[in-house]
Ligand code: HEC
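Single chain ahead, written as structure tokens, the form predicted alone.
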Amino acid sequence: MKLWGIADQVVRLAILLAIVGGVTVALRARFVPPSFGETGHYRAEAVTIAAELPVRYAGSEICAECHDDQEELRRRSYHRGLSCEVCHGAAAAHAEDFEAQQPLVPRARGEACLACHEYLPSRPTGFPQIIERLHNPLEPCVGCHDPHDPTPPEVPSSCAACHAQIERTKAVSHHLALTCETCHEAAPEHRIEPRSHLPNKPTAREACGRCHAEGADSGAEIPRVDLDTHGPRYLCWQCHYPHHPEA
């Protein structure tokens, strides 16, 4: 069927496009600010509105004028990329009247540090992370770490400093007498940058077989199995948790 000699489907399409065009023009007139497009593909008056907002942040350069000792520490530390106000809050009012307006000084464990350092799998490999309830749970972060230079005052001497839960589990197991190095090889750098230098973990049944295989040169009281017939399709740690290996 044709209307004015034009195919019916073409007429319908033209009507639809006219409706869409009309709605677009109406919405633009209703919702697009008048200054949009004056100086580029954005709302020009946004610059004026932003300039009229009250100043809340002072900037680290202002902080350094009075707190030069802390600034020197920060610039040489892992926190050198952070502005002072990331932890201390907006400080423009403090810069104007330092006695009347005191900045935030976080002390509790969860106030500032955990915003960046609580364990989150999506964070980059090598970024220092902790599980708050396991990492020295009764101590404030500032008890061991100076926020302006958070490197620990001394490198932990034992694995338990960071792996306390594993250490407590192993302490009540038959593996109590084993050192962590019995099963894990870790470079010295692991104690300084743990997530950048991960320790090696056993990948084959033979690691457990050094002590538990029949004929292994280990104590007589250690349980033995025939590795060829004892669950040969599985890795040992699929049934036995290494830090508490009871079946």
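When you see a residue number, it is the position in the sequence shown, counting from 1. Given the structure is predicted, the values throughout are model-derived calculations rather than measurements.
The following text describes the form predicted in complex with this ligand, which does not appear among the structures shown.
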Check: With the partner left out here, if you bring back this ligand in the predicted complex, are 21, 28 and 121 all within 4.5 Å of it by some heavy atom?
Finding: no
Next item on the list: Give a yes/no on whether residue 205 approaches this ligand to within 4.5 Å in the predicted complex, heavy atoms considered.
Entry: yes
Next item on the list: State yes or no: in the predicted complex, is some non-hydrogen atom of residue 230 no more than 4.5 angstroms from a non-hydrogen atom of this ligand?
Entry: yes
Check: Within a 4.5 Å heavy atom cut-off, is residue 107 in contact with this ligand in the predicted complex?
Finding: yes
Checklist line | Touches this ligand in the predicted complex: residue 50 (any heavy atom, 4.5 Å) | finding: no
Next item on the list: Check each residue of 58 to 77 against this ligand in the predicted complex and list those with a heavy atom within 4.5 Å, in sequence order.
Entry: 58, 59, 62, 63, 66, 67, 70, 71, 74
